[in-house]
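Given as structure tokens, the chain that follows is alone and in the form predicted on its own.
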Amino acid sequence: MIEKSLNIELPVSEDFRVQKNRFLPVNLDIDEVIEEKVKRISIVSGTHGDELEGQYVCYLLSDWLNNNKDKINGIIDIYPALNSLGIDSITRSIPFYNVDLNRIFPGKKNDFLPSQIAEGIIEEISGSDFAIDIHSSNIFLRELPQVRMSAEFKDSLLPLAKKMGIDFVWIHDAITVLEATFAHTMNSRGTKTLVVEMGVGMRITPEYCFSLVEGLKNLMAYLGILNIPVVNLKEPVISENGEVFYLNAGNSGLFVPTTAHYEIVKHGDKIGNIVSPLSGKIEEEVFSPANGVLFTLREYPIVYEGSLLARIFAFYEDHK
């Protein structure tokens, strides 16, 4: 059931809207669902207009639910495009304002448009028992499918992440900017919210999307929202057992990887070269500082001094 969940008037007789596709148990209407206090999960995507992996996940999941309505035991709300203006204009932020929607939550009703959007989204999704916030990377980096969470909420979120068959769980210390994100706001208000990051901006990686949909179905089975068997999916690598290394460019040029994304690398393995098209020389060779998993790799080749090239999760035992 497709519904308009948020509508804000814009100039020139236009409006900003957020739509959702709501799935309910076939034998209950919404009043009966509320009375029986069935569990509700909200799956959101499109917070950034250049993140499209989640769009395909929403399609795949909705398609499966449309064909398996008898398996639904709870409320499943799917919001493919929180930042519909950004998606329509192929803009990461909210156009005209150049504001990152995921840095202004919880928002205010009487503030400027981006803040009104954030406030409306939180009000709409508040009351959900669980939420999944799906992101892609930007156009510069390719990310291994991963769940990210603040150490503040790991005790309640990590058991859920383990049911998704995800490759990597990155638990990080809270920093000030995270307090203005959708996930932090929802977790602070009692809705257990997982952030999924995968793929690359403005692209779709079908195998990542297929895998995530299976993981979401398994999580919802574990939560009792879907009446399907819970299966034992692969255990994720969890970052609290090791250290994340950031590899940044020391020179400008073209970064050419010499190893594949999601490779197990050893200390001293070459990750790639930064080359100069003008001089025909290698400006810099990039090597792994540790044994671990290459879970982030530069996708867009032009780099400048300081540009992020890769992230490696180093296994803890290598740093005793």
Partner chain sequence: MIKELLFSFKSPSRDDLNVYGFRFGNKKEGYPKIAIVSGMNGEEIAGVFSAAQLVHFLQERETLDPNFINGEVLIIPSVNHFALNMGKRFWPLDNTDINVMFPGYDKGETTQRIAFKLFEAIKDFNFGIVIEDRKDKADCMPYIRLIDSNYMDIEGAKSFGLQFIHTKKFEPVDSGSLLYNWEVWGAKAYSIVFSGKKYLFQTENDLVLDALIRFISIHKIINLKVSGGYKSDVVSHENVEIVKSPKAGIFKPIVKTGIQVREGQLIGIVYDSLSGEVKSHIHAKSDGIVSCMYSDPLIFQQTIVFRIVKFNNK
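Positions refer to the first chain, counted from 1. What you are looking at is a predicted structure, and each value in this text was computed from that prediction instead of being measured.
This next part talks about the form predicted together with the partner chain, which is not shown.
Peer 1: The partner chain isn't shown here, but in the predicted bound form, which of 164-172, 76-84, 192-200, 95-103 has heavy atoms within 4.5 Å of it?
Peer 2: After filtering at 4.5 Å, what remains is 95-103.
Peer 1: May I ask you to state whether L24 is within 4.5 Å of the partner chain in the predicted bound form, using heavy atom distances?
Peer 2: Contact check for L24: no, nothing within 4.5 Å of the partner chain in the predicted bound form.
Peer 1: Taking heavy atoms and a 4.5 Å cut-off, does S156 contact the partner chain in the predicted bound form?
Peer 2: Result no; S156 lies far from the partner chain in the predicted bound form.
Peer 1: Within a 4.5 Å heavy atom cut-off, is V18 in contact with the partner chain in the predicted bound form?
Peer 2: V18: no contact with the partner chain in the predicted bound form.
Peer 1: Is there a heavy atom of G253 lying 4.5 Å or less from a heavy atom of the partner chain in the predicted bound form?
Peer 2: Residue-level check for G253: yes, a contact with the partner chain.
Peer 1: Is it the case that L65, K71 and L294 all touch the partner chain in the predicted bound form, with a non-hydrogen atom of each within 4.5 angstroms?
Peer 2: Result no, not one residue of the spot touches the partner chain.
Peer 1: Which one of N227, S188, S126, Q116 is close to the partner chain in the predicted bound form, taking close to mean a heavy atom within 4.5 Å?
Peer 2: Looking at N227, S188, S126, Q116 one by one, just Q116 meets the 4.5 Å heavy-atom criterion.
Peer 1: In the predicted bound form, which residues of 1-18 put a heavy atom within 4.5 Å of the partner chain?
Peer 2: Residues within 4.5 Å: I8, E9, L10, P11, V12, S13.
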